[in-house]
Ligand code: FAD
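Coming up is one lone chain in structure tokens, specifically the form predicted on its own.
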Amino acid sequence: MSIGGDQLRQELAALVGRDHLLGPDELSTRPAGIWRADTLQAAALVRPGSTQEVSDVLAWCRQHGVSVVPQGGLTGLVHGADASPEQVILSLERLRQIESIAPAQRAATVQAGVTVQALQEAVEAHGLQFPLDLGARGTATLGGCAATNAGGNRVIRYGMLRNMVLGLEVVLADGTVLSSLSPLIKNNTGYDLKQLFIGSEGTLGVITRLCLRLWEQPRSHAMALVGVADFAAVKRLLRHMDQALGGSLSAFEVMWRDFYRLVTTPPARGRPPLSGDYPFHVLLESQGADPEHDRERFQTALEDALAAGLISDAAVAHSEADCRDFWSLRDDVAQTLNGGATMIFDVSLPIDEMEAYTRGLATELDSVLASHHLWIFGHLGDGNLHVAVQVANADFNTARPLVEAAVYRPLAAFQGSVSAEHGIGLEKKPWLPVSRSDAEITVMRSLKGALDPAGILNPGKIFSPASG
């Protein structure tokens, strides 16, 4: 940093207003993330109130060689928004306006600091839905979700966030505003520039506004939690339900036995909806447009699955309260954080390889750790598993590299990904070559160099600059 801290804060305050700049002392009281106990550190945190102010801040930082770390709702798990004492944090927390909702076009234009839940609730009044859904919906911002290409609970039907973005407004590292907020689904006019920034984790530009695709609000909602005897039946159940429901299957979430036990016994508030104890518990959800017939179709599909031996028992939701209770079990990831030091991983691999991968992982962890807990759950319908490994607090530093190797290394043989939906950040950076070739990483570096030649945007995240 070529400018002193006091002068830096004074000049940035002139751009955004003194009330919207925080210094190191004030940052020491702000958590570094909703899952973390440490606090923010930076030379300053600025809170622009408009795209122009974001542009002014970035242009100033570019001119003075100051690195900038964009931050949204701080719900990430890979240290993708971590800053150091000499850097500036650019928070989008003031950009919280839902600018327009167009029911005929089924599109909404929002500022980057709007939360997922805020948009969900706003479009519901128009008979529409924004289908991205995740446990941190009340805190996760749409700009941050786009920057990490968030997935969530209904990817099997609606796709990743990339599928929901019609247009973006982005501020580049030099302050240039790149605005492409077209609401068109079909716009085949050269390079689709917005795709460069979706999933780029703030390393190529700062997303300030989004035009997002909406869907009609479902008129029917059916859910069940079922017990399954083995993984072969889990795979067959996925195909059976997808075929039987004619495209209305919106979630297929699987909880391995140990995770299910964790979230259905004290101190967890959830209780088991099924009386039996099964190796796998599957949460099934269907959304449709014909309440009466959709319920019949869902019930028939479950009965056929039971008759075919695909499921051993089922609890069917009879109300929206039951649906919320089912989802609360799957979303109660916080239970994995109690009682020790927990490492949470997010991987993807072909469904046919999951049984071999999870068995091998359990065996490897048993061989390298004297004591630990392993919990597995996730969006199996779209090939995404979440893995939580807990060790004693005193063992964390020595266990971490052993656990990372056990989780990530086998993925190469299975053509898997070290990150299904959480991104790379700092945490997964050493393991990026497991899922990306040297040629791919070289192209990524070329894009970074073209759009941010001074390397001021979220430096060091995803990959390090090429030597020389």
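Start at 1 and count along the sequence shown; that's the residue number. If you're wondering where the values come from, they're calculated on a predicted model, not measured in any experiment.
The next section is about a form of this same protein that is not shown, the form predicted together with the named molecule.
Screening 188-196, 363-371, 69-77, 394-402 for residues having heavy atoms within 4.5 Å of the named molecule in the predicted bound form returns a single hit, 69-77.
Between the options 108, 385, 112, 226, the residue in contact with the named molecule in the predicted bound form by a heavy atom within 4.5 angstroms is 112.
Here the marked residues 241, 251 and 303 all miss the named molecule in the predicted bound form; none has a heavy atom within 4.5 angstroms.
Under a 4.5 angstroms non-hydrogen atom cutoff, the named molecule in the predicted bound form lacks residue 325 among its neighbouring residues. Of the heavy atoms in residue 81, some are within 4.5 Å of the named molecule in the predicted bound form. Within this chain, residue 286 is remote from the site of the named molecule in the predicted bound form, having no heavy atom within 4.5 Å. Mapping the unseen interface onto this chain, residue 422 counts among the residues with a heavy atom inside 4.5 Å of the named molecule in the predicted bound form.
Of all the residues from 179-203, those having a non-hydrogen atom no more than 4.5 Å from the named molecule in the predicted bound form are 201, 202.
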